[in-house]
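Below you'll find only one chain, the form predicted on its own, shown as structure tokens.
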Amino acid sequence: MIFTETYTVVPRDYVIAGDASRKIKQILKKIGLDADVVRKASIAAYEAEINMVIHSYGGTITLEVGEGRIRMVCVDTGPGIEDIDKAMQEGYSTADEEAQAIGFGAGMGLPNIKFNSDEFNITSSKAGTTLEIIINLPD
């Protein structure tokens, strides 16, 4: 493993929302990864982070770089996603009025994460949601 680090995501704190994904982008650039890979990882990390800020009780994003890939594991502490298939549909959102009033909640988070991932795994229960995002590094 070249690098591993964990970032905390604070629920409902729109002032610092995006800080974790910004740090991830900076690290990936500093490591010297391909710009397209950095862009994909940054988008996936940002969408996951914002989803946790809007919908969860808080959580973490763990970044791992090595073994030919970037792996991000995003774990929150609930309340979970009631219908994952529905949540994966573009435009479907359960964001509240506060989030929508400041420009979030367009229903593109999970679809954008999946689009920018080479592998995408999601599990959810009332205890929380876990996303595994893998982006392969070019040879």
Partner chain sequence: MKVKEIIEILNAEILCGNQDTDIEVNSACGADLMSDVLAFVKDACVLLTGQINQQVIITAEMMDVSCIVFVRGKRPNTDVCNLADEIGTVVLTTEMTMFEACGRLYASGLAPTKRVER
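In this text the structure is predicted, and so the values were computed from the model without any measurement. Numbering follows the first chain given and starts at 1.
Just so you know, the form predicted in complex with the partner chain exists too; it's not on screen, but the next bit is about it.
> Since exactly one of Ile31, Val73, Ile84, Met108 fits, which has a heavy atom within 4.5 Å of the partner chain in the predicted bound form?
For this set of options, the contacting one is Met108.
> Would you check, heavy atoms only and a 4.5 Å threshold, whether Ser21 touches the partner chain in the predicted bound form?
Yes, Ser21 sits close enough to the partner chain in the predicted bound form that at least one of its heavy atoms falls within 4.5 Å.
> Glu90 versus the partner chain, in the predicted bound form: is there a non-hydrogen atom within 4.5 Å?
Yes, Glu90 is a contact residue.
> Using the partner position in the predicted bound form, report whether Ile16 sits within 4.5 Å of the partner chain, counting heavy atoms only.
Result yes; Ile16 sits at the interface with the partner chain in the predicted bound form.
> Does at least one non-hydrogen atom of Gly103 fall within 4.5 angstroms of the partner chain in the predicted bound form?
Yes, Gly103 sits close enough to the partner chain in the predicted bound form that at least one of its heavy atoms falls within 4.5 Å.
> Is the partner chain in the predicted bound form close enough to Val65, Arg69 and Asp118 that every residue in that trio has a heavy atom within 4.5 angstroms of it?
Result no, not one residue of the spot touches the partner chain.
> Going by heavy atoms, what in 42 to 56 lies within 4.5 angstroms of the partner chain in the predicted bound form?
Read in sequence order, the residues that approach the partner chain (within 4.5 Å, in the predicted bound form) are Ser42, Ile43, Tyr46, Glu47, Ile50.
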